[in-house]
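The chain below stands alone and is given in structure tokens; this is the form predicted alone.
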Amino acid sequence: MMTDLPLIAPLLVVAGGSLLVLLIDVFLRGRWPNVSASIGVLLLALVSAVVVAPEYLSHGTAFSGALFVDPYTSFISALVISGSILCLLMGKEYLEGEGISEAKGEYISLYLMATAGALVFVAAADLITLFLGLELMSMALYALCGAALYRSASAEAAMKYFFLGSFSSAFLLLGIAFLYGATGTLSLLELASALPESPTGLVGIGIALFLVGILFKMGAAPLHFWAPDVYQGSPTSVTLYMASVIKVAAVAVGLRVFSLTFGGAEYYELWSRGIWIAAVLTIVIGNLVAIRQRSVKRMLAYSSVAHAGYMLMGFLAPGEFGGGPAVLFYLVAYAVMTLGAFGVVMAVSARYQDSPDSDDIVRFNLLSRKRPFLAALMSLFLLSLAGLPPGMAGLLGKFYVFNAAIRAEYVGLALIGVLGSAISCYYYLRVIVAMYFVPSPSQAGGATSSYEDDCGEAIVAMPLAGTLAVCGVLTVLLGLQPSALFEAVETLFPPNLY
């Protein structure tokens, strides 16, 4: 077991850093750069992930089968750590404005602990380790959602997420119990071979309950109802972390489990119907309800729900249909676009944190006049989320997923996805129109440009500006050179190499 320790160096660095930040903050409360130190911890974890990556080239496990040691785990772990760094950089200068001032050390420690939980979650090779990683990640997230201690919306978001998240975890744990009772094993690899010889009824119930838990964490319908309220009420720095890093972890785990463990022909028909229904509901509900939102954070939350539906389409096209690589490409593009969009919302709404409509679409009116940089980047991210040129990253991501669904003979589902994308153009373009063409209510009546001055004075800290620029460049590169990433993620499949 000691020889396996270097393989989990990134996890050890992040978990150790979380505990160290908490201990130091007890003695130097508020008098040391804990945010910068945490970014250094995550950078060290990313470097260690790159260093140990060659050890992950073989498809195997470590710690007596508890964790996967394979290229898939290495790729997703690096993606989770990179996303965590970008999120922390974006929110670095906005924590006090969002009500996170007196407990900044605890906030940073919880942030690192949630990242450590995500790393365990995506590397889990047995169901108990998977559940422990999920709970470690979730418990830290519940507290992070309520980190703005003196804001009722933040406390409400934390309570809703805690109760609903605990409910979904119970479903997941019950599903694990059914699967163990039917097969006598908790290993994901051994489950794959034991399922055909197990009682069909017990296995079916176990898979259905497991699916409920995964769909909740993905924010997919009909288990999406928590996402809009939690995304809107939480501090924006936490929202962008949940919408990108946590969704990456949930989708990656779901993709591995349903393609590796439950991918056999005997049970594909069972869970594929459930995922088909969930994908349709997620695409339809996410896009239709997003149209009615004035809050840009809430609109992006429903947009996130819709994108979960597009990714579920790839779950239905395993193996030679290319659904796995399509989902991973889409996941990377989605994370970059969503990080950028929420980052712009954080900059625009920073001056109005005490207002209940701080992120109302009217705050974006004529943003291009005072902040052309922000307006141009927001337009790029929204066009990419809509799948419209020049946002080629989102367009190609949807093309790969829809193509995989069609190859797997889910033509009707692909058509629903195309229609959902067409509907999404309305609410994405509405924000772009507001930034470039819609005057404020005061200006519409011929008044002076006082509101325009307020609207244009978005607070853009240097770390946020740099991170937004990185997200913009990555969005363009993924659109211009998609083959590099797609060929890289293709090497991670098929999962039967274990």
Partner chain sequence: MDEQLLFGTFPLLTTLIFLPLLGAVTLLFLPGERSSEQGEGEGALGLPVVVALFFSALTFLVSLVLVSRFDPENTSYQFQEQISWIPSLGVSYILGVDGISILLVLLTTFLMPIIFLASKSVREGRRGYLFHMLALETAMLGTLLSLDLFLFYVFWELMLAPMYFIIGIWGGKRRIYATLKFVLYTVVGSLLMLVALFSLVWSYAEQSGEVTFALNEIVGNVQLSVEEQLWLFAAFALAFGIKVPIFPFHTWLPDAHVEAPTGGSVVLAGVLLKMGLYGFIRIAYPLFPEGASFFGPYLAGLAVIGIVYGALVAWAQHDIKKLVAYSSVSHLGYCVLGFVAMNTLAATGSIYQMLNHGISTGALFLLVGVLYDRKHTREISAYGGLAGKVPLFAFLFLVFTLSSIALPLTNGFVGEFLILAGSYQQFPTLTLVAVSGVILGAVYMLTLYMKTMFGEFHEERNGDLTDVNSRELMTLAPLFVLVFVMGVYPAPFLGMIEPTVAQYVKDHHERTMTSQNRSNPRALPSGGIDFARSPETPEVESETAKASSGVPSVLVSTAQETLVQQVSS
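Given the structure is predicted, the values throughout are model-derived calculations rather than measurements. Numbering follows the first chain given and starts at 1.
Absent from the display: the form predicted in complex with the partner chain. The rest refers to it.
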Just one stretch in 394-402, 293-301, 107-115, 344-352 has heavy atoms within 4.5 Å of the partner chain in the predicted bound form, so which one is it? 394-402
Full three-residue contact with the partner chain in the predicted bound form, heavy atom 4.5 Å, for 64, 75 and 143: no
Pick from 432, 460, 470, 53: which residue has any heavy atom within 4.5 angstroms of the partner chain in the predicted bound form? 432
Only one of 195, 414, 223, 245 comes within 4.5 Å of the partner chain in the predicted bound form by heavy atoms, so just point that one out. 414
Please check if residue 437 has a heavy atom lying within 4.5 Å of any heavy atom of the partner chain in the predicted bound form. yes
So in the predicted bound form, does any heavy atom of residue 407 sit within 4.5 Å of the partner chain? yes
Is there a heavy atom of residue 425 lying 4.5 Å or less from a heavy atom of the partner chain in the predicted bound form? yes
Would residue 176 show up as a contact with the partner chain in the predicted bound form if we use heavy atoms at 4.5 Å? no
